[in-house]
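So this first bit is one chain, no partners, the form predicted on its own, shown in structure tokens.
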Amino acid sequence: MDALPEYAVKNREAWTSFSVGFAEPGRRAWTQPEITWGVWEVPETKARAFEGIDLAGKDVIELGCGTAYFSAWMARAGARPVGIDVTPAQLANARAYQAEFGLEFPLLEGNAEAVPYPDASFDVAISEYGASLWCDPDRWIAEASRLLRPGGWLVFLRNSTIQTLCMPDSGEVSERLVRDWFGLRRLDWEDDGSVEFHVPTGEMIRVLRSNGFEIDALIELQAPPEASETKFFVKAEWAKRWPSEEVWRARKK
């Protein structure tokens, strides 16, 4: 594996620690028959992020797969997934679930910004809080474009811009802006040493278009009516009023 960027090293260290807490949620996701999106587990039947995308028989790369539950869902839909992640502890959990559930597909340790596959190897690239959050958007989206065949799909979930603007350095997401829109990009979290990336909507459009993508949809997710808890510093009532997460769907020209 090539030398990692400093933020990838920090995120690998952070996720080595996080992996213990994410082991059981990851396993639970492997047991679910339907794809769900984000912390509010919005079902695919409602989000329709894969609307118009036939996964059966398709080659899929999951960029920043973690415990690889999305790859498991893709495999059950008839796709041929490959997962890549920078954190060995996360991949160890994913391999344990593969053995438990009898579902095999390649899992690679590596940087989602530099995937060891040739150009045009995949039909679909996905990221649900993987590369879409923890990698540099200019780098990982360029890599997704390289990996996709013409007409291939990129589908990814990230925090919404409004949530990021309302997210303080510590504590819960507020009902006021605490960050600047202009210049928003890299967020270094002092409490756990991790590094996230978020560019605003207009900049994300630029990044996608400059890498040969046509944007097909931007799906803003809402917490379901029955939600009442706080998840990852976001109160359910907040996420019922404003989108805390968003799914982008784009197609390579």
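Note that the structure is a prediction, hence the values are computed from the model and not measured. Each residue number is its position in the shown sequence, starting from 1.
Although it is not shown, the form predicted together with a small molecule is what the next lines describe.
The small molecule is not drawn, but in the predicted bound form it has a heavy atom within 4.5 Å of Val86. Contact check for Phe156: every heavy atom lies farther than 4.5 Å from the small molecule in the predicted bound form. Taking the partner from elsewhere, Gly38 is found to have every heavy atom lying beyond 4.5 Å of the small molecule in the predicted bound form. Shown alone here, Phe122 lies farther than 4.5 Å from the small molecule in the predicted bound form, counting heavy atoms only. Only one segment in the set 125-133, 167-175, 142-150, 99-107 has any non-hydrogen atom within 4.5 angstroms of the small molecule in the predicted bound form, and it is 125-133.
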